[in-house]
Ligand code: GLU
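The data below hold one chain only, encoded as structure tokens and taken in the form predicted alone.
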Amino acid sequence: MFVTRFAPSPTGPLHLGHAYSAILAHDMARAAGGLFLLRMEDTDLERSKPEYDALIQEDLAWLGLTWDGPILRQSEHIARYNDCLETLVPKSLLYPCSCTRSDIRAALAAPQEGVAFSVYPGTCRHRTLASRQPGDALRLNLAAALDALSTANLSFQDTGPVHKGTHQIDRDQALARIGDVVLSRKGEDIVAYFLAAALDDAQQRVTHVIRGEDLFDFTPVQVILQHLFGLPTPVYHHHRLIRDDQGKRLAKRDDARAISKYRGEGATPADIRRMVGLPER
């Protein structure tokens, strides 16, 4: 069965870009007779707010979108993510990192368009897990992880218009462009966006991940993690982004394009579909 999800972070109102992604995923799922799931990626406990969670649900319902089953909130599953991380300990694939708090928090967040991975120089790679202190992060030793896997089998399919085709993950490119990513931070119950998303896609049996092209560069990390945890790799569909008049990607600070604002001004769901270039239902 075709299963997809819409997974916003409740840190602000939905804008036109979110509407496009949610409608596209919903329509593809319904056309295939499949499931459309709603997930709240709320592991950033400082910025995630219940009022935004409620507003997201209101906006989606107003757009005419329905989701199947209960909403999965990642903040309720931190223990599960950490339990999965523990399975990597005997494989010697993790090491503690005591680099600056701001750098670690930035590394844990979801990516933004035009912001590439900040490849970690390996400052703490010599450390053992026995030396881990409160506040330390856990990093993946990417070279060791790739050595443990067969890179010949590391690939993913993309059906989107931007990156359509089969994408092989090259070891040297992964080391040069990704590096030793942060997976969690001890004492703050924070896990990386791409770790939680990879684990939840498997937990929810997601077969197709439909999301913006700004997340394409993070896909190899998720595929590597899927293989390390013995999880299936879904089909990816990275779609175009909705941009402002200057060609910039919309962000949550773009309140002028918030769905709730359009609603308040008397727009209809059909108007939103036209604005983002999707056919009316």
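It should be emphasised that the depicted structure is a prediction, and the values quoted were computed from it without experimental measurement. Quick note: we count residues from 1 along the sequence shown, nothing fancier.
The form predicted together with glutamic acid (GLU) exists for this protein as well; it is not shown, and the discussion that follows is about that form.
Enquirer: Heavy atom within 4.5 Å of glutamic acid (GLU) in the predicted complex: which of Asp27, Asp217, Asp53, Glu41?
Expert: Looking at Asp27, Asp217, Asp53, Glu41 one by one, just Glu41 meets the 4.5 Å heavy-atom criterion.
Enquirer: Is Tyr95 part of the interface with glutamic acid (GLU) in the predicted complex - any heavy atom within 4.5 Å?
Expert: No, Tyr95 is distant from the partner.
Enquirer: Wondering, does Tyr193 line up within 4.5 Å of glutamic acid (GLU) in the predicted complex on heavy atoms?
Expert: Judged by the heavy-atom cut-off of 4.5 Å, Tyr193 is in contact with glutamic acid (GLU) in the predicted complex.
Enquirer: Of the listed stretches (45 to 53, 209 to 217, 59 to 67, 223 to 231), which one has a non-hydrogen atom within 4.5 Å of glutamic acid (GLU) in the predicted complex?
Expert: Stretch with heavy atoms near the partner: 209 to 217.
Enquirer: Where, within 4 to 34, is there a heavy atom within 4.5 Å of glutamic acid (GLU) in the predicted complex? Residue list please.
Expert: The stretch 4 to 34, when checked against glutamic acid (GLU) in the predicted complex, contributes Arg5, Ala7, Pro8, Ser9 at the 4.5 Å heavy-atom cut-off.
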